[in-house]
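Have a look below at one chain only, the form predicted on its own, in structure tokens format.
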């Protein structure tokens, strides 16, 4: 049997890790990066590109480059909000009401699971190259609040990629495994996981190798991409007012706005003001038009006030479900690149009244936890027991159509 790996299939970036000598190791890709952009594209020659190579062609070839596909996994077209359909590539519904992603270059359509499978296959190939032996099995992480259809879609993506999906593991639970691997004292921790497309909160008890999830809550349609979209709309509205041109209607302009917004968001985590310069963003009869502006961190925080408000209720819900108060939490673990935003850290401090733990790498910790779970399943890791919860109620339908929980 080949090697079993842990994969964090993310909305923005994906990571793969493996147990080596009893320690989890994150595997770098062929470009030397430890995270691989969750982007799939097809070049002008029809060649399939995954990761950084696909991301590089996204501005010049937006219709054949697909990012943030995780948000469409296991969902019906009718469930999508108008906001989530606003992407530079084309999504449509098939005869059954499922989501299809159009590829003009190949003149065909893909299901979201097929696109995710391409990312998983790339990660498995990188791991095979690193290990020198085939990768046959994987533990793949999902947001804790993914429903059954979304979890099944993740399993399907793994199978299409040629992997035996040994376990679908909740992302906050995976992060807690990585955080608590060497800890033996009893602790109650809260995992705050804000990724590119999803948000989860889990409350866990860790005690001498036993990881017990007490409660979980979340929002599968809230993540860093939504913060980017606030900047995209702000830039587009400014330009519309000044030039009477809506940049969101042009695929290339929208793609450039999205990239500039993500860059500005990242910069504002370290500095209080950032300049956004997009030369030749569009052209009219009068000639080329440029977009030049400056965004201050306080402005950005004002734009995102409603998103920050949406982060509050899952935290309160998870604490209530666990029958705990903020004073009962010993440690807060931040997971996901979006937790680097100062306003997110400030929200966590205000809700839990303690400094968040930043000892773990928010980008890699989920994949590390998945690798540990893979080690548990293959008995490379012993003396650890995981007791997880399901995020949704289960019931049995009895006579008369009544459901008993």
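Given the structure is predicted, the values throughout are model-derived calculations rather than measurements. Residue numbers count along the first chain shown, from 1.
This next part talks about the form predicted in complex with a small molecule, which is not shown.
The candidate stretches are 22-30, 339-347, 62-70, 367-375, and the one lying within 4.5 Å of the small molecule in the predicted bound form by heavy atoms is 339-347.
Taking the partner from elsewhere, residue 225 is found to have a heavy atom lying within 4.5 Å of the small molecule in the predicted bound form. Proximity of residue 158 to the small molecule in the predicted bound form: non-hydrogen atoms within 4.5 Å are absent; the residue sits far from the partner.
For the chain shown alone, residue 122 is not a contact residue for the small molecule in the predicted bound form, no non-hydrogen atom being within 4.5 angstroms. Looking at residue 307, you'd find every heavy atom of it more than 4.5 angstroms from the small molecule in the predicted bound form.
Note on contacts: among 250, 219, 233, 262, the single residue with a heavy atom within 4.5 Å of the small molecule in the predicted bound form is 262. Contact with the small molecule in the predicted bound form, defined as a heavy atom within 4.5 Å, holds for exactly one of 324, 131, 245, 266, namely 266.
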